[in-house]
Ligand SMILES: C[S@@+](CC[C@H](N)C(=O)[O-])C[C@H]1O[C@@H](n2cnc3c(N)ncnc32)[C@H](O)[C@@H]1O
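First, one chain by itself in C-alpha coordinates, the form predicted alone.
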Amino acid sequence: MQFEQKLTQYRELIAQKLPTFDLEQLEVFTGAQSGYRMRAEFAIYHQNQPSYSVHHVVHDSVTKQRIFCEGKYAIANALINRLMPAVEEFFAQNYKFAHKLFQIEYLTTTTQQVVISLLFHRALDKSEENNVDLLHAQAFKDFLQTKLNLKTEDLHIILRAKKTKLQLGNNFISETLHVNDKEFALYQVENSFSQPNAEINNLMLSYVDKHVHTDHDILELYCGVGNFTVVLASCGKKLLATEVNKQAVDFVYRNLERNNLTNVQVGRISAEEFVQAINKVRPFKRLEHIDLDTYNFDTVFVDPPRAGLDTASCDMISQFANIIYVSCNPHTLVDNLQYLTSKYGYRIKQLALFDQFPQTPHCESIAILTKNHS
(Lines give C-alpha, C1' and ligand atoms only; values in the text may rest on other atoms or scores of the structure.)
Protein backbone atom coordinates (compact mmCIF):
# COMPACT_ATOMS: atom_id res chain seq x y z
CA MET A 1 0.00 0.00 0.00
CA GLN A 2 1.27 3.46 -0.94
CA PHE A 3 1.74 5.86 1.95
CA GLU A 4 -0.68 8.47 0.59
CA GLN A 5 -3.45 5.87 0.52
CA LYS A 6 -2.63 4.85 4.09
CA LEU A 7 -2.66 8.47 5.24
CA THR A 8 -6.01 9.11 3.53
CA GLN A 9 -7.60 6.13 5.28
CA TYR A 10 -6.20 7.26 8.62
CA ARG A 11 -7.55 10.78 8.15
CA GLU A 12 -10.98 9.42 7.21
CA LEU A 13 -11.01 7.23 10.33
CA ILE A 14 -10.14 10.18 12.57
CA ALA A 15 -12.75 12.42 10.92
CA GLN A 16 -15.41 9.75 11.46
CA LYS A 17 -14.63 8.83 15.07
CA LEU A 18 -12.97 12.02 16.41
CA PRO A 19 -14.71 14.88 14.58
CA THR A 20 -13.55 17.52 17.08
CA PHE A 21 -9.88 16.87 16.30
CA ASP A 22 -8.39 19.33 13.80
CA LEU A 23 -6.82 17.18 11.08
CA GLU A 24 -4.44 20.03 10.29
CA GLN A 25 -2.80 19.23 13.63
CA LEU A 26 -1.99 15.65 12.61
CA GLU A 27 1.78 15.21 12.41
CA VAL A 28 3.25 12.73 9.93
CA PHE A 29 6.66 11.05 10.03
CA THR A 30 8.08 8.86 7.27
CA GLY A 31 11.41 7.17 6.54
CA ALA A 32 13.04 4.79 4.11
CA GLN A 33 10.53 2.88 2.00
CA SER A 34 12.70 -0.23 1.65
CA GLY A 35 15.51 -1.87 3.59
CA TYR A 36 13.97 -0.79 6.89
CA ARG A 37 13.15 -4.02 8.76
CA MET A 38 15.58 -4.94 11.53
CA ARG A 39 13.92 -8.29 12.14
CA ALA A 40 12.30 -10.73 9.76
CA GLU A 41 11.12 -14.32 9.73
CA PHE A 42 10.89 -16.70 6.81
CA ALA A 43 9.43 -20.11 6.11
CA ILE A 44 11.96 -22.55 4.63
CA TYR A 45 11.22 -24.50 1.45
CA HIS A 46 13.29 -27.61 0.70
CA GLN A 47 13.81 -28.57 -2.93
CA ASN A 48 15.39 -31.86 -4.08
CA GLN A 49 15.55 -31.38 -7.86
CA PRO A 50 17.78 -30.88 -9.78
CA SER A 51 19.87 -30.88 -6.59
CA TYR A 52 19.15 -30.26 -2.93
CA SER A 53 18.59 -26.61 -1.99
CA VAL A 54 16.75 -24.52 0.60
CA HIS A 55 14.87 -21.27 -0.02
CA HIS A 56 13.59 -18.37 2.10
CA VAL A 57 9.85 -18.01 1.61
CA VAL A 58 7.21 -15.46 2.67
CA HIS A 59 3.47 -15.57 2.09
CA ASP A 60 1.22 -12.98 0.52
CA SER A 61 -0.79 -11.35 3.32
CA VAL A 62 -4.03 -11.53 1.31
CA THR A 63 -3.82 -14.63 -0.91
CA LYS A 64 -1.44 -16.58 1.39
CA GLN A 65 0.38 -17.62 -1.77
CA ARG A 66 3.99 -18.71 -1.33
CA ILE A 67 6.55 -16.18 -2.53
CA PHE A 68 10.17 -17.24 -3.06
CA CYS A 69 12.57 -14.52 -1.96
CA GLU A 70 15.39 -15.64 -4.29
CA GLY A 71 17.99 -14.66 -1.70
CA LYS A 72 16.70 -11.14 -1.07
CA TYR A 73 13.87 -9.35 0.74
CA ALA A 74 13.30 -5.73 -0.23
CA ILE A 75 11.91 -4.47 3.07
CA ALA A 76 14.64 -6.10 5.17
CA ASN A 77 17.84 -4.25 6.00
CA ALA A 78 21.17 -4.74 4.24
CA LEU A 79 22.55 -7.18 6.82
CA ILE A 80 19.60 -9.56 6.48
CA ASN A 81 19.89 -9.38 2.70
CA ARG A 82 23.60 -10.23 2.91
CA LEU A 83 22.87 -13.17 5.20
CA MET A 84 20.04 -14.79 3.21
CA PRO A 85 22.00 -16.13 0.19
CA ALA A 86 24.90 -17.19 2.41
CA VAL A 87 22.51 -19.09 4.71
CA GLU A 88 20.95 -20.84 1.70
CA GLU A 89 24.40 -21.75 0.38
CA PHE A 90 25.45 -23.33 3.68
CA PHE A 91 22.28 -25.39 4.10
CA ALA A 92 22.38 -26.58 0.49
CA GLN A 93 25.74 -28.16 1.39
CA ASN A 94 24.65 -29.50 4.79
CA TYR A 95 21.51 -31.55 4.29
CA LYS A 96 21.77 -33.40 7.63
CA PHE A 97 21.72 -30.14 9.59
CA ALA A 98 19.00 -28.63 7.41
CA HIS A 99 16.74 -31.68 7.83
CA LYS A 100 13.26 -30.51 8.93
CA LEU A 101 14.35 -26.89 9.29
CA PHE A 102 11.06 -25.03 8.76
CA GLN A 103 11.67 -21.41 9.79
CA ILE A 104 14.49 -18.88 10.14
CA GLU A 105 14.24 -15.66 12.15
CA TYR A 106 16.71 -12.80 11.99
CA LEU A 107 17.07 -10.16 14.70
CA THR A 108 19.54 -7.40 13.82
CA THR A 109 20.63 -3.97 15.03
CA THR A 110 22.07 -0.84 13.46
CA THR A 111 25.30 -1.81 15.28
CA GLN A 112 25.55 -4.72 12.80
CA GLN A 113 24.86 -7.50 15.29
CA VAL A 114 22.55 -10.43 14.58
CA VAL A 115 20.83 -13.36 16.26
CA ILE A 116 19.78 -16.08 13.81
CA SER A 117 17.12 -18.44 15.16
CA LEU A 118 16.69 -21.79 13.39
CA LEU A 119 13.41 -23.63 14.08
CA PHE A 120 13.19 -27.39 13.46
CA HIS A 121 10.44 -30.00 13.21
CA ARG A 122 12.84 -32.63 14.52
CA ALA A 123 14.44 -33.49 17.83
CA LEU A 124 17.67 -31.68 18.55
CA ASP A 125 20.70 -33.38 20.03
CA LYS A 126 20.67 -32.93 23.82
CA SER A 127 24.15 -34.34 24.47
CA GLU A 128 26.32 -32.28 26.80
CA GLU A 129 29.52 -33.29 24.98
CA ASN A 130 30.13 -33.45 21.24
CA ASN A 131 26.61 -32.24 20.55
CA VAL A 132 26.11 -32.85 16.83
CA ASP A 133 23.71 -29.95 16.31
CA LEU A 134 25.94 -27.49 18.17
CA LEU A 135 28.92 -28.67 16.10
CA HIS A 136 26.88 -28.00 12.96
CA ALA A 137 25.84 -24.62 14.37
CA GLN A 138 29.49 -23.74 14.96
CA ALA A 139 30.34 -24.69 11.37
CA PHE A 140 27.38 -22.55 10.24
CA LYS A 141 28.65 -19.60 12.26
CA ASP A 142 32.22 -20.03 11.01
CA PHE A 143 30.97 -20.15 7.42
CA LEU A 144 28.96 -16.92 7.78
CA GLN A 145 31.79 -15.12 9.55
CA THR A 146 34.25 -16.00 6.77
CA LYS A 147 31.80 -15.45 3.92
CA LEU A 148 30.50 -12.08 5.15
CA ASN A 149 33.45 -10.87 7.23
CA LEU A 150 31.42 -10.78 10.46
CA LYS A 151 32.91 -10.51 13.93
CA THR A 152 32.39 -13.55 16.14
CA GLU A 153 30.95 -11.38 18.95
CA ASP A 154 28.35 -9.92 16.57
CA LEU A 155 26.87 -13.24 15.37
CA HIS A 156 24.76 -15.53 17.58
CA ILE A 157 22.92 -18.74 16.69
CA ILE A 158 19.84 -20.19 18.41
CA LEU A 159 18.42 -23.64 17.58
CA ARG A 160 14.84 -24.34 18.62
CA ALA A 161 12.64 -27.42 18.52
CA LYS A 162 9.80 -28.68 20.69
CA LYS A 163 10.85 -28.24 24.35
CA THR A 164 14.49 -27.79 23.32
CA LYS A 165 16.72 -24.76 22.85
CA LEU A 166 20.42 -24.80 21.97
CA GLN A 167 22.43 -21.61 21.99
CA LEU A 168 25.74 -20.60 20.43
CA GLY A 169 26.63 -17.18 21.77
CA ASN A 170 24.02 -14.89 23.32
CA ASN A 171 20.26 -14.65 22.94
CA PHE A 172 20.54 -10.84 22.85
CA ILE A 173 22.31 -8.09 20.90
CA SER A 174 23.04 -4.43 21.59
CA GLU A 175 21.32 -1.53 19.85
CA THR A 176 22.08 2.18 20.07
CA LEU A 177 19.07 4.50 20.22
CA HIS A 178 19.48 8.05 18.91
CA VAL A 179 17.00 10.34 20.68
CA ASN A 180 17.32 14.02 19.81
CA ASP A 181 20.79 14.91 21.14
CA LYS A 182 21.06 11.81 23.39
CA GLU A 183 22.08 8.18 22.96
CA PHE A 184 20.86 5.13 24.86
CA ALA A 185 22.13 1.54 24.82
CA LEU A 186 19.49 -1.17 24.58
CA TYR A 187 19.73 -4.96 24.68
CA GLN A 188 17.27 -6.55 22.28
CA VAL A 189 16.34 -10.16 22.94
CA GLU A 190 15.56 -13.14 20.75
CA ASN A 191 11.96 -14.33 21.12
CA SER A 192 10.89 -10.99 22.67
CA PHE A 193 9.26 -8.00 20.99
CA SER A 194 11.46 -5.31 19.47
CA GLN A 195 10.62 -2.36 17.23
CA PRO A 196 11.14 -3.56 13.63
CA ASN A 197 12.03 -0.19 12.08
CA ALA A 198 15.06 1.45 13.75
CA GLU A 199 14.75 4.77 11.90
CA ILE A 200 11.09 5.26 12.80
CA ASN A 201 11.67 3.98 16.32
CA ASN A 202 14.22 6.75 16.88
CA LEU A 203 11.70 9.29 15.56
CA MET A 204 9.03 7.96 17.93
CA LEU A 205 11.38 8.06 20.90
CA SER A 206 12.42 11.60 20.00
CA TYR A 207 8.75 12.60 19.77
CA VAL A 208 8.07 11.25 23.26
CA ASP A 209 11.23 12.88 24.60
CA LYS A 210 10.12 16.22 23.14
CA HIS A 211 6.49 16.22 24.26
CA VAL A 212 6.41 14.35 27.60
CA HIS A 213 7.57 16.36 30.61
CA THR A 214 6.20 16.36 34.14
CA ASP A 215 7.34 17.28 37.65
CA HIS A 216 5.39 14.27 38.92
CA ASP A 217 5.73 10.51 38.43
CA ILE A 218 5.01 8.43 35.33
CA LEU A 219 3.41 5.00 35.03
CA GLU A 220 4.38 2.90 31.99
CA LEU A 221 2.29 -0.14 31.00
CA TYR A 222 3.55 -2.80 28.55
CA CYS A 223 7.20 -1.73 28.81
CA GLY A 224 8.75 -4.74 27.01
CA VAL A 225 12.55 -4.75 27.37
CA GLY A 226 12.56 -1.00 28.01
CA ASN A 227 12.67 0.67 24.59
CA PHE A 228 10.54 3.61 25.77
CA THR A 229 11.45 3.14 29.44
CA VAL A 230 15.01 4.42 29.04
CA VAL A 231 13.64 7.64 27.52
CA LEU A 232 10.68 8.10 29.88
CA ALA A 233 12.97 7.87 32.91
CA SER A 234 14.19 11.43 32.29
CA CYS A 235 10.72 12.78 31.44
CA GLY A 236 9.43 12.72 35.02
CA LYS A 237 10.48 12.48 38.65
CA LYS A 238 10.06 8.72 39.09
CA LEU A 239 8.94 6.00 36.69
CA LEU A 240 7.10 2.79 37.47
CA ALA A 241 7.21 0.37 34.53
CA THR A 242 5.14 -2.81 34.24
CA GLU A 243 5.52 -5.86 32.01
CA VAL A 244 4.18 -9.39 32.36
CA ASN A 245 6.88 -11.30 30.44
CA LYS A 246 9.61 -12.52 32.81
CA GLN A 247 12.43 -12.48 30.23
CA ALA A 248 11.50 -8.94 29.20
CA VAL A 249 11.50 -7.79 32.84
CA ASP A 250 14.96 -9.25 33.36
CA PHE A 251 16.25 -7.23 30.42
CA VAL A 252 14.51 -4.03 31.52
CA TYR A 253 16.68 -4.13 34.63
CA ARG A 254 19.78 -4.76 32.51
CA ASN A 255 18.92 -1.89 30.18
CA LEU A 256 18.31 0.47 33.09
CA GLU A 257 21.69 -0.44 34.54
CA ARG A 258 23.42 0.07 31.17
CA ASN A 259 22.09 3.61 31.02
CA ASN A 260 22.70 4.44 34.70
CA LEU A 261 19.00 5.04 35.36
CA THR A 262 18.16 4.84 39.06
CA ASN A 263 14.67 6.38 39.29
CA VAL A 264 12.80 3.42 37.78
CA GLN A 265 11.09 0.46 39.43
CA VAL A 266 9.70 -2.48 37.46
CA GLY A 267 6.72 -4.65 38.32
CA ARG A 268 6.15 -8.02 36.61
CA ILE A 269 2.42 -7.71 36.24
CA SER A 270 -0.15 -7.35 33.47
CA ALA A 271 -2.02 -4.12 32.85
CA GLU A 272 -5.26 -5.80 33.90
CA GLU A 273 -3.69 -6.94 37.18
CA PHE A 274 -2.22 -3.50 37.78
CA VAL A 275 -5.73 -2.04 37.55
CA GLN A 276 -6.67 -4.28 40.48
CA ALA A 277 -3.49 -3.41 42.39
CA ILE A 278 -3.73 0.38 42.08
CA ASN A 279 -7.44 0.29 42.93
CA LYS A 280 -6.56 -1.89 45.97
CA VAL A 281 -8.92 -4.63 44.83
CA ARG A 282 -6.26 -7.22 45.66
CA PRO A 283 -2.53 -7.32 46.52
CA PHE A 284 0.06 -9.00 44.33
CA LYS A 285 3.19 -10.70 45.64
CA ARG A 286 5.03 -9.60 42.46
CA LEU A 287 4.54 -5.98 43.59
CA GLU A 288 5.68 -6.45 47.19
CA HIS A 289 8.92 -4.57 46.46
CA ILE A 290 6.96 -1.50 45.30
CA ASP A 291 5.03 0.88 47.56
CA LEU A 292 2.38 2.31 45.24
CA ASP A 293 1.40 4.89 47.85
CA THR A 294 4.78 6.65 47.47
CA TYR A 295 4.06 7.57 43.86
CA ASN A 296 2.49 10.84 42.78
CA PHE A 297 1.43 9.97 39.23
CA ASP A 298 0.01 12.46 36.77
CA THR A 299 1.10 10.76 33.52
CA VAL A 300 0.54 7.25 32.16
CA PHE A 301 2.25 5.77 29.11
CA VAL A 302 0.59 2.84 27.34
CA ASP A 303 1.78 0.78 24.37
CA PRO A 304 -0.80 -2.03 24.18
CA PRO A 305 -1.09 -4.94 21.73
CA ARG A 306 -3.14 -4.54 18.54
CA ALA A 307 -6.34 -5.23 20.47
CA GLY A 308 -5.91 -1.93 22.30
CA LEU A 309 -7.09 -1.25 25.87
CA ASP A 310 -10.13 -2.89 27.39
CA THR A 311 -12.76 -0.74 29.10
CA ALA A 312 -11.42 -1.42 32.60
CA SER A 313 -7.92 -0.28 31.56
CA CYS A 314 -9.34 2.86 29.95
CA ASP A 315 -11.26 3.58 33.13
CA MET A 316 -8.11 3.05 35.21
CA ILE A 317 -5.90 5.40 33.17
CA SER A 318 -8.62 8.06 33.26
CA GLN A 319 -7.41 8.99 36.75
CA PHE A 320 -4.23 10.46 35.23
CA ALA A 321 -4.04 14.05 33.99
CA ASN A 322 -1.94 13.04 30.96
CA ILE A 323 -2.00 9.96 28.74
CA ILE A 324 0.63 9.01 26.17
CA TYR A 325 -0.79 6.28 23.95
CA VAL A 326 1.41 4.42 21.45
CA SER A 327 -0.55 2.20 19.08
CA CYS A 328 0.11 -0.17 16.18
CA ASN A 329 -3.60 -0.32 15.30
CA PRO A 330 -5.37 2.93 14.27
CA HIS A 331 -8.81 1.37 14.68
CA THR A 332 -8.44 0.33 18.33
CA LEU A 333 -6.55 3.56 19.06
CA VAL A 334 -9.33 5.75 17.70
CA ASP A 335 -11.98 3.71 19.53
CA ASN A 336 -10.06 4.15 22.81
CA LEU A 337 -9.53 7.87 22.17
CA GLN A 338 -13.22 8.30 21.41
CA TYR A 339 -14.08 6.66 24.73
CA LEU A 340 -11.56 8.68 26.75
CA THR A 341 -12.48 12.04 25.21
CA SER A 342 -16.25 11.58 25.35
CA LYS A 343 -16.54 9.96 28.79
CA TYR A 344 -13.68 11.61 30.68
CA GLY A 345 -13.20 14.95 28.92
CA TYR A 346 -9.68 14.47 27.61
CA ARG A 347 -8.34 16.73 24.90
CA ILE A 348 -6.07 15.33 22.20
CA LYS A 349 -3.05 17.58 22.54
CA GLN A 350 -0.89 15.86 19.92
CA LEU A 351 -1.53 13.10 17.41
CA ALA A 352 1.18 11.75 15.13
CA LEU A 353 1.33 9.06 12.47
CA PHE A 354 4.59 7.15 11.97
CA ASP A 355 5.04 5.05 8.83
CA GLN A 356 6.69 2.20 10.70
CA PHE A 357 5.75 -0.39 8.07
CA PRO A 358 6.18 1.06 4.54
CA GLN A 359 4.58 -0.88 1.67
CA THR A 360 2.01 -2.37 4.07
CA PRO A 361 -1.39 -1.16 5.39
CA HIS A 362 0.04 -0.88 8.91
CA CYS A 363 1.31 2.18 10.74
CA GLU A 364 2.19 3.34 14.25
CA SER A 365 0.62 6.27 16.08
CA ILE A 366 1.30 8.34 19.17
CA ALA A 367 -1.49 10.28 20.85
CA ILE A 368 -0.96 12.65 23.79
CA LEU A 369 -4.08 13.44 25.81
CA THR A 370 -4.52 15.89 28.66
CA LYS A 371 -7.20 17.09 31.03
CA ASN A 372 -5.25 20.31 31.49
CA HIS A 373 -6.51 22.78 28.90
CA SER A 374 -3.52 25.09 29.17
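This is a predicted model, so every value here is computed, not measured. The first residue of the shown sequence is 1; numbering continues from there.
Below, we refer to the form predicted in complex with the ligand, which is not included among the displayed structures.
Of the residues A277, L177, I269, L203, just one reaches the ligand in the predicted complex with a heavy atom at 4.5 Å or closer; this is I269.
A single residue from the set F120, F193, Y187, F90 has any heavy atom within 4.5 angstroms of the ligand in the predicted complex; that residue is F193. Just one listed stretch, out of 105 to 113, 153 to 161, 297 to 305, 129 to 137, contacts the ligand in the predicted complex at the 4.5 Å heavy atom level, and that stretch is 297 to 305. In the predicted complex, the ligand sits within 4.5 Å of a heavy atom of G224. The ligand is not shown here, but in the predicted complex it comes within 4.5 Å of a heavy atom of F228. Contact check for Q167: no non-hydrogen atom falls within 4.5 Å of the ligand in the predicted complex.
Proximity of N245 to the ligand in the predicted complex falls within the 4.5 Å heavy atom cutoff.
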